[in-house]
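Take a look at this one chain, the form predicted alone, written out in structure tokens.
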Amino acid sequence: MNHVLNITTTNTPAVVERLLQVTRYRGYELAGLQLTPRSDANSLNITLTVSGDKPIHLLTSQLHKLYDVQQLELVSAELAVLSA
């Protein structure tokens, strides 16, 4: 199952590394990543697409705990389409 998360974080050197580390530790695979600096240059908008069979709340609850995360929104949860 694919999940898309919109995350607003502070713009620090290690923020992306922390997000990806938590994602990996929780057993999700990275399917897409988009970074966009906000107009104030102190924040980033991150669109994180992950895939995994575990409930998404296991990941979102851990991402909320990161001190760099200002806002987190689950945009969509859709089934992965397999083609032969």
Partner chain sequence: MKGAELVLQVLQQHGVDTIFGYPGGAIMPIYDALYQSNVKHYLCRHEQGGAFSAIGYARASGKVGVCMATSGPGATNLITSLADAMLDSVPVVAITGQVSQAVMGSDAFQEIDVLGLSLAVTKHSFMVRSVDELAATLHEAFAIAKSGRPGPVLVDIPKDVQLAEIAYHREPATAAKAAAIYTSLANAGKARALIAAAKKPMAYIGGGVHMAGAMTQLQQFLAANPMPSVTTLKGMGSVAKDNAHYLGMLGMHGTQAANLAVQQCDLLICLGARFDDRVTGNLQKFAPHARVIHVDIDPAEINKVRFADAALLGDMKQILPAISAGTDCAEWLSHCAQLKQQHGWRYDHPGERIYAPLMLKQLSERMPDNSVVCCDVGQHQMWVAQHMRFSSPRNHLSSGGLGTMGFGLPAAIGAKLARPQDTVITVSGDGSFMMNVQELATIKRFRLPVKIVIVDNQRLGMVKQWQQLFFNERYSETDLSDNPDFVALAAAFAIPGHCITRKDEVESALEAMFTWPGPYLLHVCIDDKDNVWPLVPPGAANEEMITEAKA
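Positions refer to the first chain, counted from 1. Computed from a predicted model, the values in this text were never measured in an experiment.
Beyond the structure shown, there is the form predicted together with the partner chain, which is absent from this document and is the topic of what follows.
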item: Partner contact for Glu73 in the predicted complex: the partner chain, 4.5 angstroms, heavy atom; value: no
item: Partner contact for Asn11 in the predicted complex: the partner chain, 4.5 angstroms, heavy atom; value: no
item: Contact flag, Leu30 vs the partner chain in the predicted complex, heavy atom cut 4.5 Å; value: no
item: Exercise: Ile56 in contact with the partner chain in the predicted complex, heavy atom 4.5 Å; value: no
item: Residues of 48-72 having any heavy atom within 4.5 Å of the partner chain in the predicted complex, listed in sequence order; value: His57, Leu58, Ser61, Gln62, Lys65, Tyr67, Asp68
